[in-house]
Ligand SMILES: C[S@@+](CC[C@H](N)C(=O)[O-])C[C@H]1O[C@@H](n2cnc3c(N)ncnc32)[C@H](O)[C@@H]1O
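Only one chain is shown below, in structure tokens, and it's the form predicted on its own.
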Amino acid sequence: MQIAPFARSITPELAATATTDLERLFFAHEGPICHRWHHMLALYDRVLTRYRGTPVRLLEIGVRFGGSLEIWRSFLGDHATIHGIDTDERCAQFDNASHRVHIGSQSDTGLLDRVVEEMGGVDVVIDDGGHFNVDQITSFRHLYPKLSETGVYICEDTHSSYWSRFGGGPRKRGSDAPADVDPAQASFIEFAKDHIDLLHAWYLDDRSFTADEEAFVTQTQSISFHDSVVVFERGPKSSPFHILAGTQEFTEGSGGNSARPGIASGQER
């Protein structure tokens, strides 16, 4: 298997394949360069469409040539607050009235705090930064709890989790203990996998949780994995409960027992 070659320009044939507004905006974009894996455009359209025309606060880690900030402005509308972070000082030239740009590392938690404070909070984080796993994990651990109640955190280019030059590697957990991930050495994918268990924390026996883990359990609706992208969607989540609708059980003479539908005889959830 091989990655398809990089497309250096948008052809009319490629533009004609657009099926979403974000794809059409991307294919029609002129000015500062923006580059994205093609398959991510439809995903971003689906995840972020609900914020269009609203005062959403979006933080993008990784400004590069500034084109993506312009596209987010076109897609989200005039009411959005858009900020970017990049380590490259040249990106300061993209700081303007449409979108703010901050220079520094995504692992600088003090910088992250200052940016979020200036934004007045944050609803969407897109991590398209340096792709080093330790930085991705550091940013997530610090920013995810700061997201608004129904915010979205997107970590992009997670294929770097499989590349040693970014501190990754297949199933790299950073620990010899199978049950533990060392955030300082693990890949972001393995770090994210452990959060799947937290989504099911209500059903785990004999497990104690840290305050941060408990907060994640009660404030996260879903995690979705895509090619090179992981999406975390926040939302209040109370203890799950099982409900039963209707009153009819088995009819007399049916030959079966009288257990309620969905519950095996002699068992309760």
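If you're wondering where the values come from, they're calculated on a predicted model, not measured in any experiment. Just count from 1 along the sequence shown to find any residue number.
Missing here is the form predicted together with this ligand; even so, the following discussion is about that form.
Taking the partner from the other structure, this ligand in the predicted bound form has a heavy atom within 4.5 Å of a heavy atom of residue 85. This ligand is not drawn, but in the predicted bound form it has a heavy atom within 4.5 Å of residue 60. In the predicted bound form, this ligand sits beyond 4.5 Å of every heavy atom of residue 228. Contact annotation for residue 104: at least one heavy atom lies within 4.5 Å of this ligand in the predicted bound form.
Among the residues 201, 223, 42, 34, the one placing a heavy atom within 4.5 Å of this ligand in the predicted bound form is 34. Of the candidate stretches 73-81, 87-95, 144-152, 192-200, only 87-95 has residues whose heavy atoms lie within 4.5 Å of this ligand in the predicted bound form. For the stretch 124-161, the set of residues having any non-hydrogen atom within 4.5 angstroms of this ligand in the predicted bound form comprises 128, 129, 130, 131, 135, in sequence order.
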